[in-house]
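Have a look below at one chain only, the form predicted alone, in structure tokens format.
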Amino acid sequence: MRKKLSELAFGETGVVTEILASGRELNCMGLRKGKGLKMVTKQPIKGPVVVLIGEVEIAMGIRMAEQVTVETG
């Protein structure tokens, strides 16, 4: 099932399938198409999202997370 990264629940995993945001910025953080990730935390009221890619935690704003599509298991 495809979801926006911002829609993943705590502990949910998936693989990045599409990035509409600035790919260069996310690429520098290690987030690219084909990468597996796990939702670590999502702050309430439009707060930041933290995902785990490999052994690295990446934090991003909710608006950027809305521009990343993930295929979940």
Partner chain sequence: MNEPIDTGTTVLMVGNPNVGKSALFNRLTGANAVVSNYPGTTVDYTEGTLIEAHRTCTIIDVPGTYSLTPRDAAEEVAVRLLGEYPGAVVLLVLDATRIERGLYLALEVIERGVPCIIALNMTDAAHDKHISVDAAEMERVLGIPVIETTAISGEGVKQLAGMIRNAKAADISAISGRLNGDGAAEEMVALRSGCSGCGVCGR
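Residue numbers count along the first chain shown, from 1. Since the structure is predicted, the reported quantities are computational estimates derived from the model, not experimental observations.
Below: the form predicted together with its partner chain, not depicted.
Remark: Ile45 does not count among the residues lining its partner chain in the model of the complex, judged by a heavy atom distance of 4.5 Å or less.
With a 4.5 Å cutoff on heavy atoms, Arg63 does not count as touching its partner chain in the model of the complex; it lies far away. Residue contact check for Met29: one or more of its heavy atoms lie within 4.5 Å of its partner chain in the model of the complex. Contact check for Lys35: a heavy atom falls within 4.5 Å of its partner chain in the model of the complex. A heavy atom within 4.5 Å of its partner chain in the model of the complex is found for one listed residue only; from Val56, Leu20, Val50, Val15, this is Val56.
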